[in-house]
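Two forms, one protein chain; structure tokens for each follow separately as structure 1 and structure 2.
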Structure 1
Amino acid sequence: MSGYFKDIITGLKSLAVGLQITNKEFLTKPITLLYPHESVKMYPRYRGHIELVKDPETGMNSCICCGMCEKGCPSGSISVKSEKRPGVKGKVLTAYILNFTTCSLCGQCVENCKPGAIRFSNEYNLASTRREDYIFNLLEKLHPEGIPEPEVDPELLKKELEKAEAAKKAAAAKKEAAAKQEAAKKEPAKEGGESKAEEKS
């Protein structure tokens, strides 16, 4: 019987203690961050989606189009499109497409990037009702006013042109030589040989 009353008293006491605590919390100031009115403090290391880095000197990206980010990506959400332009050293990035719908923000791409051409952005207000909005062309994002043409190095262009010329000449010579050889070899079947050479070129 004493246990019965003891239970009641300890029980009521514990309930009163609980009420006290919530009362204390009621009187303290709320700590909520009112999100749309105030914004969250972002840490410099925040891993948002990736973005291309603008080289402060040239104003261009420093991507060398090696495709390591593409290869390292676990979900295959990156595709780097590049082409060779006359007079420009290395490949030129034409599109850097990040499919953010499949990106898992693991950071393998940034880690794999040797020249440090990509980094994490601090953008987190990414809301949209359309799926297509999450397929980013990072190059366009880097240059919203329009993608600038890479500077053409005249010397390099000259060299390249010369090289191309030389290559062309060499190819022509080779072709000629090959044609001759072929012709010499198979006099009767001339057409066939020619077409083969053409194919080769």
Structure 2
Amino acid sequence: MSGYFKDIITGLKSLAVGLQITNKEFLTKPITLLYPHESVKMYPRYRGHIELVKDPETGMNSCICCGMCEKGCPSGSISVKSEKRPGVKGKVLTAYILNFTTCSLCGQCVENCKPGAIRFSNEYNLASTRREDYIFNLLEKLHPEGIPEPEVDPELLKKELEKAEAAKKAAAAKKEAAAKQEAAKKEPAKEGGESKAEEKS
């Protein structure tokens, strides 16, 4: 019988503790966010997919197209495409493809990037049912309004054009010299054939 009353007293004590916690939290402000109208604050150490960093002075990306991120990725998730344009120093980035379906967020690409052209983004809302939605062109994400053209250096353009013209002339001279040499080889053979014909006659 004493055990019965003991259980009742223990239950009432537990109820009182529970009600005390409930009354305390009842007056506090709710922390529920009305998603998607409200979003969680993302902290600097959060690791989302990588993104390109924009140079504040030029408005262009800081990538020098060295390919170290592509080489250092153990999953092969990165593909960097670039081209050389006349009048522009270095290579110009034309596409930076990230296959996020195979990315392990290891950070090797960010660590290998010497100019600091890539970093982890704070983007977390990536829910989708299509695999294609996780293949990003980071250059287009950096410039959604359109990829700007890099500034052309007139002096550099002039030097490159002069260099190309000189190379063109050198190639033409080499081709002409080769043609003359070939013609010179054919002439002795022709003369030898004519002298043999004269001896027979």
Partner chain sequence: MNELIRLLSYMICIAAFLGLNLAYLGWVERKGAGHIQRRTGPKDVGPYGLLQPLADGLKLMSKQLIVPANADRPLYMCAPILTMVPAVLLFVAIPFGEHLVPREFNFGLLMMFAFASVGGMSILIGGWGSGNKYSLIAGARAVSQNVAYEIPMLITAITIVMITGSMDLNEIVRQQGGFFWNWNVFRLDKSILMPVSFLVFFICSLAETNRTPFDMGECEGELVAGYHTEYGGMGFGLFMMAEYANLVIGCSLTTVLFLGGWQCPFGLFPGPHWFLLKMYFLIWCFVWIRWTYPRTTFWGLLNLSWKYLIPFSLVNLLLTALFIKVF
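Take the two forms, superpose them, and find the largest set of C-alpha atoms that agree within 1.5 Å; that set is the rigid core. Residue positions are counted from 1 along structure 1's sequence. Note that this is a predicted model, so its numbers are computed, not measured.
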{"property": "Form selected (criterion: the form predicted on its own)", "result": "2"}
{"property": "Did K174 shift 2 Å or more between structures 1 and 2, C-alpha, core superposed", "result": "yes"}
{"property": "Flag for P36, CA shift 2 Å or larger between structures 1 and 2 after aligning core", "result": "yes"}
